[in-house]
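Only one chain is given next, in structure tokens, and it is the form predicted on its own.
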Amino acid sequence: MDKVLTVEAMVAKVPDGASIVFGGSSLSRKPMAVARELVRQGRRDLTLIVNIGGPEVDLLLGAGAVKKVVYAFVGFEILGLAPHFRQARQRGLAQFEEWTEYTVIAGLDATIKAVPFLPTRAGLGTDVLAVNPAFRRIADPFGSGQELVAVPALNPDFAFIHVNYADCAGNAAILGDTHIDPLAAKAARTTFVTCEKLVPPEVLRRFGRDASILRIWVDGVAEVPWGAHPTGCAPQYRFDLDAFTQYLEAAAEPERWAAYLDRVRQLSPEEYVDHWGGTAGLQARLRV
């Protein structure tokens, strides 16, 4: 079954007010072409679910597209804080729900298992339970006396995941750490995959266990070279320090940020690659 779409067609299926879980982690393998397309198409009131969030969350907050963020962390790692995330938190421009890495995993897993919550010890002895009213302290119902945390199921409407390779049916291979991506693909009502390259099924099968996302979970797939840029997509390319520097400089001044958003709205995925020097220029700077 051919599930090939464009990024534009994928995002066109996302209504205002939808909840979206993003794959990748931090500055690694984020579906940035999707985040830019959400800005291009003017989505609003989105709920974003991330484990380790980065520029995808910050860009959408800076574009005024977000109602709520469920997260364990959002930042730019060695490059510092995520400027629009910080501003939105300080000014109360959106709702924020603090989780931990493991509880995000447990919340997605609860949906996969078709249960309303999963019990865990994660969060006990921390302030997470004080700042997140979504969690509940419960006693072991089998009488051991143990105190546990009930983590509610996370039910995203959409998952967007960027991978190294995929076939037309939606099977996908991630080279390296899969992060939460297989869980996100299973838990979401609709899962879309973007990939660096579409390959025939017989080629994808050569990746063995790296083909960790199966077609049964995927509703559409798009070939989007450099679709994670400016984050990295190992082993094809590393994150782009120059692009992040420009982003952070623009985010520091309202007029420059408005111009940055205008550029995001104007450039198609293909034009975006050309803007950064085309495939040859990007490879020369970022090829691992």
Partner chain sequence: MNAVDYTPDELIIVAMARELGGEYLVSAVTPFGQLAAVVAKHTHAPDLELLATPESGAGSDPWPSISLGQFQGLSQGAVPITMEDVFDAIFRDRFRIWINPAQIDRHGNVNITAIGPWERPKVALVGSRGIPEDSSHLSQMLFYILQHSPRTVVERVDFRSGAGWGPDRERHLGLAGAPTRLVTNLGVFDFDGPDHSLRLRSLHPGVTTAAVQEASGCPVVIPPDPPITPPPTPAELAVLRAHDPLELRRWEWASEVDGLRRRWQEERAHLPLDHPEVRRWR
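Predicted model, so just to flag it, every value in this text is computed and none were measured. Positions refer to the first chain, counted from 1.
Absent from the display: the form predicted in complex with its partner chain. The rest refers to it.
Peer 1: From the candidate stretches 170 to 178, 213 to 221, 152 to 160, 187 to 195, select the single one in contact with its partner chain in the predicted complex, where contact means a heavy atom within 4.5 Å.
Peer 2: Stretch with heavy atoms near the partner: 170 to 178.
Peer 1: Does I52 make contact with its partner chain in the predicted complex, using a 4.5 Å heavy atom cut-off?
Peer 2: I52: yes, in contact with its partner chain in the predicted complex.
Peer 1: Would you classify I105 as touching its partner chain in the predicted complex, given a 4.5 Å non-hydrogen atom cut-off?
Peer 2: So I105 counts as contacting its partner chain.
Peer 1: Classify Y247 as contacting or not contacting its partner chain in the predicted complex by the rule of any non-hydrogen atom within 4.5 angstroms, answering yes or no.
Peer 2: Flag for Y247 set to no.
Peer 1: Even though the partner isn't displayed, in the predicted complex is D127 close enough to its partner chain, meaning a heavy atom within 4.5 Å?
Peer 2: Answer yes; at least one heavy atom of D127 falls within 4.5 Å of its partner chain in the predicted complex.
Peer 1: Within 4.5 Å of its partner chain in the predicted complex: all of R40, R44 and E202, by heavy atom?
Peer 2: Not a single listed residue reaches its partner chain in the predicted complex, so no.
Peer 1: Counting only non-hydrogen atoms and a 4.5 Å cut-off, give the residues of 75 to 95 close to its partner chain in the predicted complex.
Peer 2: G75, E77, I78, L79, L81, F85, R86, R89, Q90, R91, G92, in sequence order.
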